[in-house]
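What follows is one chain in C-alpha cells, specifically the form predicted on its own.
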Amino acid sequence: MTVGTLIDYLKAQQEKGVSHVYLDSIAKNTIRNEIVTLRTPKPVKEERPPVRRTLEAVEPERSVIPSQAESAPTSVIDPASITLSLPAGDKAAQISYLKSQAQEWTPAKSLGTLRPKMIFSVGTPESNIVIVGDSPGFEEELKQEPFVGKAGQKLDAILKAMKLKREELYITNICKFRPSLPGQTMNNRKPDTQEIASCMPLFIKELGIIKPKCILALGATAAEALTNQQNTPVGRMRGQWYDFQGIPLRVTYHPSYLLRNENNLTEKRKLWEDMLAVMEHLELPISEKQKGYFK
C-alpha cells in the first residue's frame, strides 16, 4: 500500500465530513515507512513541500466512526422475494438499468455487514466471456471499478498475454459491495455465503443480458459459489469445465495468488493452461509462443 493511496482515502473521508479515522496496522506501517524515508539523509538536498495533515489518526477506542453493525437494519430481506424486470433496449441499456437497481439493492443492504458503496462492473456487455471475482476491496471501492490495484494490473498482464484488453471483456464480482470490518480502512475480507447469496440475483441477471460463451471464475470464493463446492482449493477445482446457468464455467487462481507466488513457475503454468483452455473454447488464435509460456 502506497502513501498516495492512503492520502486519497483520507481525502475521500474528509470530503464526507469525517474528522477522525482508525488506521489499521497496514496503514500505520505505510506511514512509518514514509517517515523513515523522509528522515534518511540524502546526498543531495531536496526541497519538499510541507505535508498537509488531512485527518487525525486515532486509536480504535477513540474512533468516532460508528461500525456498520450499529446501524444495521433489524430484518434481512430474502433476495428471492424481489423481482428484477428489465426494460426493452440493447445490452448496454439493460446493464445500465441493472446497475441503477444494484445501487440500492435491499437484500445486500439489509444484512448490515456490507459497506454502502456499490461497485458494479467494467467492460462491454457484448463480450463472449465474463470474468468474475468475489467482491470489491479497498482499491476497487476507491476507484469504483472491479479488479484494480496490483491484482488488477496482474489481470491486465494476463489478458495482454492472451492478446485481449480489459475494455473488450466484461469484468464483475458476484458480491457488489465491499465486506465491512470494525474500524475498517484498507483491510479487506472475503464475503461470506449470505453476502454472496444476497447479490447472486444481480449476477445471474448480468449473465442473462450478456449471454457469454463462457465464465472465468477467479479465486476460491467465486469458484465455490458458482460450483456449489465448499472448502475446496482452487488447485482441485481448476483444469476442468463446469456448468453455471447453462454457461460453460472455468475456474482458475485469483491474480493476487500469483502476486504472492511470483517466482513459482509451476503455478503460473497452471493458470496459463486455464487461459489457453478459455481461448480454445472461444476459438481465439493461439500461437506457438503462447503455447510455450512457462514451460
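One rule holds for the numbers: they count along the sequence shown, beginning at 1. Predicted, not measured: the structure shown is a model, and the values here were computed from it.
The form predicted in complex with ligand URA exists for this protein as well; it is not shown, and the discussion that follows is about that form.
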{"item": "Location of ligand URA contact in the model of the complex, chosen stretch of 209-217, 136-144, 75-83, 90-98 [non-hydrogen atom, 4.5 Å]", "value": "136-144"}
{"item": "Ser121: touches ligand URA in the model of the complex, heavy atom cutoff 4.5 angstroms", "value": "no"}
{"item": "Partner contact for Ser198 in the model of the complex: ligand URA, 4.5 angstroms, heavy atom", "value": "no"}
{"item": "Residues from 242-277 in contact with ligand URA (non-hydrogen atom within 4.5 Å) in the model of the complex", "value": "His254"}
